[in-house]
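Presented below, as structure tokens, is a lone chain in the form predicted on its own.
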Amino acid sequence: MATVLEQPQIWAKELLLNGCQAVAQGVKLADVDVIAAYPIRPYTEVMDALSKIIADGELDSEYIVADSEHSQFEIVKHASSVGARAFAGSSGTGWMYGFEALVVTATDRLSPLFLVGNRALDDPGAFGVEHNDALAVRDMGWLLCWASTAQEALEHVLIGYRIAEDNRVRMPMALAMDGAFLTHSQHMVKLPTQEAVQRFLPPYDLGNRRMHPDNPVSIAPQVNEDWVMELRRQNWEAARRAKDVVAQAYKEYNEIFGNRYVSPYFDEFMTEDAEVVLIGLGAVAMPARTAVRRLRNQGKKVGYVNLRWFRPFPTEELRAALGRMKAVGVIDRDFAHGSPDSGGIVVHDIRSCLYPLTTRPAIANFIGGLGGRDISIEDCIRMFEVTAQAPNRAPGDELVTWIGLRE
């Protein structure tokens, strides 16, 4: 009589966790070797949770308290160069303070993962969410994506390491999530088993690029005009290859953990017959989806696209998803003062992506939620109403609407 083979267990348990705690659980499951900490809010609890996990003997990792963000980022950069899986994080101006190290980590093609708890840049002082901090590395050779739930945050620690450490990519990974709205809000989060994670995430292996006394290699030599062009081209090619690696990583993730993600790059909500859609990053997905449901009940053909990956940018995929719409409203939780048409950062990539189409949707842009101000369901309904009128906009009319601005 044939025996039925037991399927390996995929999920260990379900816990009530906030976004920071979920990321800490992801770092534990990824079996990270070196953690460098200089915590500032709103990402502080990631490091608090990790210190307790290590103290309780649940993770064998070198936990180093740095004297600044710059030192913290240098620690994980060098740890990555000797073959250690490394983790750090920051928020807002702390992220800016370590920018030298962030740029070098990318150009040296090293693969630590960083949590960016999105926070407004000073001055004036603000702890609320804005996306300018994480977006600052978008053109520096970084992988960059946003989680919109605590579950996604945990899973993208694992997915992020899988992509960043692939020998076709070897780029640092910035996992961004909205400060307070996600870092501090609690969700039910399913934790995968360690065995399932090990099936998905292989050990970090730098191969012959690993720095070791028996393998002396030179990192960041002074080359100027002799080799800088060639090095830039290598990074450019790695970023292009990352697109296929992202798709492969999600395919493998879905095979192990079930069909968790229909598309690697973005989620679509009620877009099948939609004529007008909004697109945004992060936790704005929650009020936007609720607004879609309410407008659908009124017979409006609307939908929402939650953009997950910003680098590599899903050009062809977004072109196919958005190109059939009459109008697209782009939500920017960021600012880009003096940019073309005074738009935010995200709208310019969306417009550039859609420009080659013979028939293009009309574009509207919304700047809102700055400094942690809420973007409400009513705000999203108003954005849909403005976007629906975008095809009627006359040349010279404003592209941008500021949402939630006090009179």
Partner chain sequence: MATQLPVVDYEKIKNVHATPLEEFYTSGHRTCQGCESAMVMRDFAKATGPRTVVTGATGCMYVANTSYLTTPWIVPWMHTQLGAGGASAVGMAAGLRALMRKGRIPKEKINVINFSGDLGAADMGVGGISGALQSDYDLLIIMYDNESAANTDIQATGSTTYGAQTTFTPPGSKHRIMQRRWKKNIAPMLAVGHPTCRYVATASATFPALDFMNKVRKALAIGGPTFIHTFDPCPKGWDFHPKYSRELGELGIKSGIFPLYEIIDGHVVYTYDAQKKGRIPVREYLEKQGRFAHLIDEDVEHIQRMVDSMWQEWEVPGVAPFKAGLSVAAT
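Since this is a predicted model, take the numbers as computed values, not measurements. Residue numbers count along the first chain shown, from 1.
Although not depicted, the form predicted together with the partner chain is the subject of the following passage.
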Problem set entry | Contact check for 61, 104 and 108 against the partner chain in the model of the complex, heavy atom at 4.5 Å | yes
For this session: Look up in the model of the complex whether residue 379 has a non-hydrogen atom within 4.5 angstroms of the partner chain, and give yes or no.
Result: no
For this session: Although the partner chain is absent from this view, report whether residue 100 comes within 4.5 Å of it in the model of the complex, heavy atoms only.
Result: yes
Exercise. Is residue 308 one of the residues lying within 4.5 Å of the partner chain in the model of the complex, judged by heavy atom distances?
Worked result: no
For this session: May I ask you to check whether residue 208 falls inside a 4.5 Å heavy atom distance of the partner chain in the model of the complex?
Result: no
For this session: Find the only residue in 348, 70, 41, 373 having a heavy atom within 4.5 Å of the partner chain in the model of the complex.
Result: 70
Exercise. Ok, 327, 137, 84, 295: which has a heavy atom sitting within 4.5 Å of the partner chain in the model of the complex?
Worked result: 84
Exercise. If we take heavy atoms and a 4.5 Å cut-off, which stretch out of 309 to 317, 284 to 292, 209 to 217, 121 to 129 is in contact with the partner chain in the model of the complex?
Worked result: 209 to 217
Problem set entry | in the model of the complex: members of 17 to 38 within 4.5 Å of the partner chain, any heavy atom | 31, 32, 33, 34
